[in-house]
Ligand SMILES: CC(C)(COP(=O)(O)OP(=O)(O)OC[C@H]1O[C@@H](n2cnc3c(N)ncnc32)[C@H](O)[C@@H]1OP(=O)(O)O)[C@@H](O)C(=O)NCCC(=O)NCCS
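First, one chain by itself in structure tokens, the form predicted alone.
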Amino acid sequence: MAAAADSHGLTFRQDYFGDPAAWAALVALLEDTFGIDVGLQDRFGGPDPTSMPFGYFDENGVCAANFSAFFMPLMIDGRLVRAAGFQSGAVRPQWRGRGLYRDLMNRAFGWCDEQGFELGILLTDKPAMYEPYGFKILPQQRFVGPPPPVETRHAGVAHVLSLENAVDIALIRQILRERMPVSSVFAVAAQAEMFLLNCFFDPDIKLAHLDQFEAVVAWKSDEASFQLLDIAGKSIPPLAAILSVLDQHHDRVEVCFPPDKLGWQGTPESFESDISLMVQGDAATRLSGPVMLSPLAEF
């Protein structure tokens, strides 16, 4: 979209990811503000092509403020919901207190209303900022319990994957394009960029390809428990098969998404975090819980 002049001496720009310099300026804003390098997405195919960024730039091309929307389809209670996620909200210190962030939020929320999204979703440590816009905190609960009996018929092959390996990255991206939602209760239906980025940011996450199921499993483990973070695949393997193929034997299992497709029922346990999951829109009324957004879908 063509740039537009703004009264603060900044230039407003929308939908600017096609400009490498503007994308690099946003990367710098987020790294300076949050200490994260989203430019790593260039290694995994680039930023989400569904993103719609709204930003202000100074005369030198520095990104002074930004707020982005992106397409984040969700499966909610067995129905595919057209949802928009909001992320990359930041303002440089010297430009704060001038209403830039509020202006960009209004632009982004207005654009999403025009597109007919049924649900808005975001993660924040400042929930009060978004409550005036109709966002409400959605409590999250992980699912815990003893493991299911391991059945020998589930014996198969698991290949460890690495994000340092281009072939492995290509395999993961292909599976993410064809994945089915990991849950019919609450799960992303299509979102590849954050899956890869979240795995890269957390070196404790292990990735394995289960050949038998054409699925990639993301997990952690320690002496006390096995933690299942996400599954991307054409089908969802039962938990018993995952534990068997990965050769994991623990007294406690923690699943970080509703486990309705795993052939196992855990006990919901409140998930405490400084970051709140917030939702807004008509589709939010169907979210009765217990639910949890997979850590690999976080944004």
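Throughout, we count residues from 1 along the sequence that is shown. For clarity, every value in this text was computed on a predicted model and none was experimentally measured.
Missing here is the form predicted together with the named molecule; even so, the following discussion is about that form.
Participant: Please tell me which of 82, 136, 220, 102 lies within 4.5 Å of the named molecule in the model of the complex, judged by heavy atoms.
Facilitator: Answer to the contact question: 102.
Participant: Using heavy atoms only and a 4.5 Å cut-off, determine which of 190, 123, 144, 171 is in contact with the named molecule in the model of the complex.
Facilitator: Only one option qualifies, and that one is 123.
Participant: Though only this chain appears here, would residue 96 touch the named molecule in the model of the complex if you measure heavy atom gaps against 4.5 Å?
Facilitator: Heavy-atom contact with the named molecule at 4.5 Å: present for residue 96.
Participant: I'd like to know if residue 129 sits close to the named molecule in the model of the complex, meaning any non-hydrogen atom pair within 4.5 angstroms.
Facilitator: Yes - in the model of the complex, heavy atoms of residue 129 and the named molecule come within 4.5 Å of each other.
Participant: Using heavy atoms and a 4.5 Å limit, would one call residue 91 a contact residue for the named molecule in the model of the complex?
Facilitator: Yes, residue 91 lies within 4.5 Å of the named molecule in the model of the complex.
Participant: Does residue 33 reach the named molecule in the model of the complex if we count a contact as any heavy atom within 4.5 Å?
Facilitator: Yes, residue 33 sits close enough to the named molecule in the model of the complex that at least one of its heavy atoms falls within 4.5 Å.
Participant: Could you tell me which stretch in 83-91, 161-169, 109-117, 221-229 has residues with non-hydrogen atoms within 4.5 Å of the named molecule in the model of the complex?
Facilitator: Result of the contact check: 83-91.
Participant: Heavy atom within 4.5 Å of the named molecule in the model of the complex: which residues of 156-170 meet that condition, in order?
Facilitator: Contacting residues: none.
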